[in-house]
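Presented as structure tokens, the chain that follows is alone, the form predicted alone.
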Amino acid sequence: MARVIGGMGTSHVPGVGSAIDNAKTHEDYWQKLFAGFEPLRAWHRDNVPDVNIIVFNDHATSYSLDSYSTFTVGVGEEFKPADEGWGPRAVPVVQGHPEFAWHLVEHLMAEDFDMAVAGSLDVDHGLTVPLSIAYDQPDAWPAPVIPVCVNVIQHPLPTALRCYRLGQAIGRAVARFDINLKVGIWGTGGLSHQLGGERAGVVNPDFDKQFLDNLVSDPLANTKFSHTDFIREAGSEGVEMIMWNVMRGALGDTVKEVYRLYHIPVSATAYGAIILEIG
């Protein structure tokens, strides 16, 4: 049977991808952050799964604001890097796993999650930057990916609790797949940041660190935050943190923290990462 071997939460700041793509990672601004990636990348080198489920959000790149599903599963053979206005990133095409993806869709629908299905989906920095954070610049990504896109752009949004329950349902669906696969699951986005308006540039380390602590010891506490709580405490884009709840829900009741990284600033964002193993 398939099994989840671990999870990662990571911010998906586009500037991180730009620093990698333009060989700026050793500049003073970026050096400390990328040094912090080394233990994270070492864990990924030692724990390459057969497939990664990556929970991300599209930034109005493949979706338009007049047609935006709450939850979408990518079931295609491959997913190309999206053109976000300055050309697609020069990163490998993301290979999919249609058989496993359709299995997830069928089981999630059976648990009353109305999943949209995308056979064709270009993926923006929300998905490709986490891949670069984990795997740097390979000729090909080391594992296929099932993209799970969550709407955190166009209201109404799913609640933090709904995202956690989706993760629990994904965990059950993985366990019911009758092919022996090692599965990783990633939640992306956040942490606290706001890109526009009077509070542009706001970050909240206390809230961010409490959220990270809760992922380990009290994940249900993170399901009690309303959208207003996230916006008030973590900025308008901080609501992306609900996607980390999907990752955490899939891991079950008890986890072990393997690594944590928190760094300010990263392009006006509070960057965070955490790696969790089951047990």
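The numbering used is simple: start at 1 and walk along the sequence shown. These numbers were taken from a predicted model, which means no experiment stands behind them.
One more form of this protein should be noted, the form predicted in complex with a small molecule, which is absent from this view; the next part is about it.
When the small molecule is considered in the model of the complex, Leu195 lines it closely, a heavy atom lying within 4.5 Å.
Mapping the unseen interface onto this chain, His59 counts among the residues with a heavy atom inside 4.5 Å of the small molecule in the model of the complex. Contact annotation: His125 falls within 4.5 Å of the small molecule in the model of the complex, judged by heavy atom distances. In the model of the complex, the small molecule lies within 4.5 Å of some heavy atom of Val266.
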